[in-house]
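One chain comes next, on its own, written as structure tokens: the form predicted alone.
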């Protein structure tokens, strides 16, 4: 069977903050429809790399290609519209709005409908919003205030918001941070579902090694801003192609 095509290519990425080299010559390729884990100790540069890919930070060197086309230097909202969605370690939702309204607003924004100030938004994109809530198993909580949700439910809501843009790639930063074992299991199942049923490639950072080996097709290790190992997990332990 031929290898899956590369959908996201990170080539020679460097990022400096003054005299501090947060990233140095990072090379990484994410295959289409794959789940790719990015691991390493605190301060290794994992979140910084996701911020560069998503457009929240401009790289000091190198380039990022999405479907073979460069996306560095574009604002985050444009990167998201092209098909690269970003989820943060701390959930980013409208806490005072309902679960349904959060997803509906994301759909309206994606379709350029938020500027229609004099039209009622209530009937717009309702079916699509409920379909996304069903995907993340939050349709029963549609009328709840988002700020009242538990950590795992907030993360699922953020996934639904990200999916409003019909992404081809999702960037997830510590998706199970601070969750109970039951909440982690739900989120892990959701990542699998988004990947397998929707065909979305996932690049995620994670400290939970059990989770990494449970769902990752490939693992990359960062240390002090450099990629030191990369490979597929085998027999419960990764056999890495070391770069140093």
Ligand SMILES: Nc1ncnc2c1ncn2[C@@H]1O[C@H](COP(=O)(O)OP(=O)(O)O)[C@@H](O)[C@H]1O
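What you are looking at is a predicted structure, and each value in this text was computed from that prediction instead of being measured. Positions refer to the first chain, counted from 1.
Beyond the structure shown, there is the form predicted in complex with the ligand, which is absent from this document and is the topic of what follows.
Open site. The ligand, superposed from its pose in the predicted complex, has no atom within 2.4 Å of any backbone or C-beta atom of the chain shown. Shown alone, this chain has one stretch from 46 to 54, 211 to 219, 59 to 67, 193 to 201 that lies within 4.5 Å of the ligand in the predicted complex by heavy atoms: 46 to 54.
Mapping the unseen interface onto this chain, residue 181 falls outside it, with no heavy atom inside 4.5 Å of the ligand in the predicted complex. Of the heavy atoms in residue 41, some are within 4.5 Å of the ligand in the predicted complex. When the ligand is considered in the predicted complex, residue 227 lies well away from it, no heavy atom lying within 4.5 Å. With a 4.5 Å cutoff on heavy atoms, residue 22 counts as touching the ligand in the predicted complex.
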